[in-house]
Structures are given as structure tokens and as C-alpha cells.
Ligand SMILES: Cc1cc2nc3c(=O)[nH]c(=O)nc-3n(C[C@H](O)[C@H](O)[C@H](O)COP(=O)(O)OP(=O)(O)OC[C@H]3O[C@@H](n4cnc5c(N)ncnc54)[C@H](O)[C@@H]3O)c2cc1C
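Have a look below at one chain only, the form predicted alone, in C-alpha cells format.
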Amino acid sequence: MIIKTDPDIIKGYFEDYSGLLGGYADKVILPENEKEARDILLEAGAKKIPVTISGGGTGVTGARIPFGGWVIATERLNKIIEINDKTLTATLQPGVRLTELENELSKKGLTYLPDPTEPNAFLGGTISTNASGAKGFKYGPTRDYIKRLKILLSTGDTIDIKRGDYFINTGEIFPLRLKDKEIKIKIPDYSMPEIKTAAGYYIKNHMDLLDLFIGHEGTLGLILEADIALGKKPEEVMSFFSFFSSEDDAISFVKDAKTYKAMSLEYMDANSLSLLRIKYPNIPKYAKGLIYFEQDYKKEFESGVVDSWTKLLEKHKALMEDSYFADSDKERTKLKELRHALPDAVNEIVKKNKMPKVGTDIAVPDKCFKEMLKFYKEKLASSGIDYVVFGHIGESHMHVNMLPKTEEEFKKSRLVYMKFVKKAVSLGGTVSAEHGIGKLKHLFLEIMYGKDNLKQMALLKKSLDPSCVLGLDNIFPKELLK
């Protein structure tokens, strides 16, 4: 076990990509095994010391930033215990980085299909937020690939459950038998939107108990081990960067493309392309929208796949001569670099403006996407604030990044964000589709579910964390635990 107390050394654990400031803690503890982790939690629980579980620091909602107490950092719980290429499963500790996992899997011709966007994220962090990425359009979020979790509670008890072991119903008190005790878990009865979501505890009638611990944002326990499902690496992959002279053409293309078997369907608006032209001047000046998509295929069917996509692109007036196509690893890497250049360009503007961006993580039902996009554009235009819109259009999940230049514009951005939240909720959407709630979006979650349902979440937490020490202020305000 390593214990760090030097303020200059531990301050790195008080930041992530959220920009949330002011974090502090008495010490950072790095356990190396289950016994050490249990000893830490037992002491913290007995002394009522808050504990924040820290992953790779790649989150965007401040969930890993402590405000007092201790930090349990998981980077030394980083073993790839087993990769089984026969059962297509792997057993891992929570501190394994996704890039390390993918490197080992590629040696065996395997891959982790949900492929959350941030390669430096820890597996435990992606489970605690139910993370997803561009390939979520075809493969779904992290939840769909978790087969087993071993979880350490603040009481020192361990829950080791496989998918299919237990099923729970909304509104019931579920008696979970452990080695020498029984825990009664109060299951909330609220209804979740029937779309991709990472907002609050996952609750559905007759759901697998395992799903309760996916997306809990470090509030219910410490993940010690996970069994994940793997897939075979695609034989071939082709990528398209397709430009359109109008936003309407791009959106109509997506509507038809959803019936194809693409791995991903991603979107960038005209402002995004203007920003990228600074580094990539070959992006056509008359392009008003971009659709980036990938398709896996078998080599013998390549010409048919290319032909079908070409016809669809032509039907929707894509700028064929100006668009990019890649069917080799080297060429796809270039396109991915272009795609990831947008967040980098946004961050450069943030540094220049010396003001944080205000970025959404909202998704709505497919039938409401056009209405939501129109609402975005109307409110953004009237605000006068610089912005870019991009994201997972295949799942009706857009990231609106507002880029305020002054304190006044920042305050206005937050007010505009609130309008987006209320509109999305009225359409049956979610306030967080993939990043979680953390410490920054309590009010949004309350708008989505109501305060009474946040109180139900608090009761659920107390049944598993009776000392109320884990992940305080993540998902809902800690005051609800009183």
C-alpha cells in the first residue's frame, strides 16, 4: 500500500477534464490488493471519513475530485488477470487502461467492442459511468459487455455477482444474501428514458442486479474485478469522411444510413468544420456538415459495400469529390486524427478565452432529433455565443460546446444549457447519455427525475453504503443522505 500526503504530489488527483476547481483531501491511498482496499474502507466507514474513488482522471463531470477525506486511487489494481480467446471473455482489475487492454487483445485478434472514446480511461471508470464511444451506434455501451463484477462495499463486505444471478423489480426491497449477512436493498420505482443514458442509477423492472453497479459513479462500492465480453477484431474496416453542402442533406443521409450496418455514425456542424480548416485547409469551404462513419466487412464483399454506400451518399448529395475514404490502418489513423482534432481545437479556444467551455451530453429519442437540433440552433443563434455541435448522431446524441469569451457569456451559456435540458426532458430525453452526472449536473438530474426520485437514489445508496462515505456529491447532493 502506498500513502501520499504531500500536497504538491496529491494535487494531481484533484483534477479531471471537467474543469471543476477547489478539490482537496487529507491523503491519497493506493491499495495493491483486496485486503488493503478492505482495510481502508473499514477504517473510513468506522470513522465516517469520506472516500473518493479515483480512476484515470479522464472524466468530465468532476466525479473523481474529492472535497475532503481520503482518495482511493486504483492505478495499482491494474492486472489483466485472464484473456480467454475461447469464451471471448477477459477478467481485469479496475486500473487497467483501455489502451493497454486493446494492445493485449490485438495480439489475439480480439477487441473490446464498446470502445469508449478515451483510450487512457481506466476500465473501472468506464464501468462506473457506463461509458460509450463512436461505435456505440452498432455495439452499444459498456453495460452490454459486463458479465461479472466483484465489488467491495464500505462495510468490508464483498459482492461477487454474474449476469443472470439475480433479478430485481422496481419498488421492492431486495434481500441480497452475502457470506454471513443479508443486505436489504431498496429499489427505486422511477422510469428511465428508453434511450442511451448514463444519468443516475440504472433502474428497470425485472432488471439484472448486475446493472445496478454499472453507472454508479463510485457511490456504491469499489470495483475489484470485472469479467467483460470480447469480440473478434473485424477482418476489414473502411472509414468515410463525407461532406455535405447543407445540414439537411447530412441529416437525411443519416436517416437512411441507420438501416445499414455501420459501426459508427458521427456528425460535425459547419462551425466545427470552420474550426478544423485552420489545421486542415483542404476541408471544402462550401461544406456545411460532415458525417464520419465506419463499416466493418469481409474482404470478398468490399466492392459491394463500397458501391452501396456510394449510391446512398450520391442520393443525399454528398460532396463526393471532396470527401475522404480510408480502407487501410494508416489511412484510417489519419481520419481519426482529423476527427480528434476538433476537441483539441476547442480546448485551444478555451485556453485563449481563459473561460471554461459549457458542453452538453444530451440525447433524445430518434423521432425527436430534428426538433431538438432545430431548438439548439435557434437558441445558440440568438445567444451570440460561439459554439460547435458534434457527436453521435446515429444515437441522436449531440455534444453542444458553447465557447464563452467573458464571464457574462459564461453565465448566459449556463442559462442556455438549462433551456436545452428542459427541452430534452420534455421530449423524453436524457441529460447525460455517456458521461454521467458527477458533481456538476445535480440540478439537471433533478429536472429529469424530480427531487423525490433523487431521494429514492439516496435511500438505495444508504442500503449499500450505510456509513455514507463513498463518492459523496456524485449523482445527487450529499445533503439527501441526511
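Each residue number is its position in the shown sequence, starting from 1. On a predicted model such as this, the values are computed, not experimentally measured, just so you know.
We do not show the form predicted together with this ligand, though everything after this point is about it.
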- Message: At 4.5 Å between heavy atoms, is Gly429 in contact with this ligand in the predicted complex?
- Response: no
- Message: Even though the partner isn't displayed, in the predicted complex is Ala131 close enough to this ligand, meaning a heavy atom within 4.5 Å?
- Response: yes
- Give a yes or no for Pro188: in the predicted complex, does one of its heavy atoms lie within 4.5 Å of a heavy atom belonging to this ligand? no
- Query: Though only this chain appears here, would Thr74 touch this ligand in the predicted complex if you measure heavy atom gaps against 4.5 Å?
  - Reply: yes
- Note on the structure: in the predicted complex, the residue from Gly56, Gly45, Pro66, Pro31 with a non-hydrogen atom within 4.5 Å of this ligand is Gly56
- Since exactly one of Pro343, Pro284, Pro234, Pro356 fits, which has a heavy atom within 4.5 Å of this ligand in the predicted complex? Pro343
- Message: Which is the contacting stretch out of 411 to 419, 433 to 441, 34 to 42, 448 to 456, given heavy atoms within 4.5 Å of this ligand in the predicted complex?
- Response: 433 to 441
- Item | Any residue of 118 to 134 that, in the predicted complex, places a heavy atom within 4.5 Å of this ligand | Glu118, Ala121, Phe122, Gly124, Gly125, Thr126, Ser128, Thr129, Ala131, Ser132, Gly133
